[in-house]
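Take a look at this single chain in C-alpha cells; it is the form predicted on its own.
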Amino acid sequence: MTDSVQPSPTGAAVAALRPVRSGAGRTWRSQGPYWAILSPLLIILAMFYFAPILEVLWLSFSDPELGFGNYERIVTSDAVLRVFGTTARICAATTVLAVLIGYLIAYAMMHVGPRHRTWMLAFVLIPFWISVLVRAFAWLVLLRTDGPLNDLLVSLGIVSEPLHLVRNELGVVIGMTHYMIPYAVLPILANLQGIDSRLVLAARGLGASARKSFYRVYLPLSVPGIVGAGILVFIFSLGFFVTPAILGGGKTVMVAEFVSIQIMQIAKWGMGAMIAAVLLATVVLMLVVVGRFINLKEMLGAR
C-alpha cells in the first residue's frame, strides 16, 4: 500500500523541475526592459567595434589576393619573426619588472598607516593623468647619453663613459615599465586587501620566522593578484606604440609600430591586418586559457 501512493522517481523529478522552469521564464520576462535599454548600445557597439574587426579580418585574407598568403609570412618572413620575437621579449621583461615593483609598492601600502597609504595611492595614480607622449619624451631626456642620469653616473665615477640607455630595447623596457606599474599595483593591492592578516600572526605564533611566514603564508595567498597583474600588464604591453617609437628610435620595432609601417608607409594593408588579427587572437587565447584555470574576477580583486 505504501508503494502505491509514492510518486515515481521520474514524476518527482519532473515536478521538481516545473517551478524552476516557471521561475526562469519569469526571470527572462522581467529582464526584458533591461535588454530594451541595452539594445541601442549593443547596436552601436556592433557597428563601431565588431564591424571594423570583421573588416580587418577580411583584409588579412583578401589583400593583395584571396588566401592565406599573409599568414604564411608568420613562419617565412624574417622581419615578421623578428618583430614578434622583439615584442615578446620586451613584453616579458616589462611584465616581470612591473609586477615586481608593483608588488613591493602594494606590500608597502598594506603595512603603512591610512594617511601614508592615501599619499602612496595618489602617487601611483598620478601617471594616469600624464600623457604617454610626455612621459616618453621625459625618459628620452633623462636617459640620453648627454642627459642628467649619465652625467650623474660619470661624475660619481660609477661609469667611465656615458651608457647607451635609449634607442634600444633597454630604453623601451624602462619607459614601458614606468607606464605599467600602476596597472600592476592596483590588482595586487586589491588581492592583498583580501588576505586575512591573522593567518600570518598565527604562523608567527606557531614559531615561524617573519621570512618563513611571508614565503609560506602571505606570498602563496597573493599569487592570484600577481598572476592577474602579470596578465594585465602583458596584454597591455602588446599594443604599445608611442613609447617604443620614441625610446626605441626606430631600432626597436614592436608589433603596433610594425602595423603602422605596413599600412601608413608601405601600404601593405593585408600584412598589417594579418598582424593585427594575430595580436587580437593572441590576447583572446591568453584570456581563454587562463580563464579555464583561474577565476579572472577574483584574480583582479572582485568579490
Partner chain sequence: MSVKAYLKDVAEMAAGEFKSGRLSRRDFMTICAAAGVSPLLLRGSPASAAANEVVMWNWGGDAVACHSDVFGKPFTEETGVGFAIDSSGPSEGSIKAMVESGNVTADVCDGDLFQAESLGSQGFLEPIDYSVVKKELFRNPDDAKEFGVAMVYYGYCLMYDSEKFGANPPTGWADFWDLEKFPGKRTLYKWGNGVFEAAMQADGVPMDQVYPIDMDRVLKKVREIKSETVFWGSGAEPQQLFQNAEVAMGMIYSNRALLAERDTKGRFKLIWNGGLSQAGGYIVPKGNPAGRENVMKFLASCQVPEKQVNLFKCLGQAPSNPAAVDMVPPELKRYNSTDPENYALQVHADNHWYAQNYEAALEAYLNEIAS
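Every value quoted in this text rests on a predicted model; they were computed, and no experiment measured them. Numbering follows the first chain given and starts at 1.
From this point on, the text means the form predicted together with the partner chain, which you will not see here.
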Work out which of the listed stretches, 273-281, 231-239, 50-58, 246-254, brings a heavy atom within 4.5 angstroms of the partner chain in the predicted complex.
246-254
Using a 4.5 Å heavy atom cut-off, state whether residue 39 contacts the partner chain in the predicted complex.
no
Does residue 117 reach the partner chain in the predicted complex, with heavy atoms at most 4.5 Å apart?
no
Does the partner chain get within 4.5 angstroms of any non-hydrogen atom of residue 167 in the predicted complex?
yes
For residue 79, is any heavy atom within 4.5 Å of the partner chain in the predicted complex, or not?
yes
Within 4.5 Å of the partner chain in the predicted complex, do 87, 93 and 211 each have at least one heavy atom?
no
Contacts from 252-266 to the partner chain in the predicted complex (any heavy atom within 4.5 Å), listed N to C, are 253, 257, 258, 261, 262, 263, 264, 265, 266
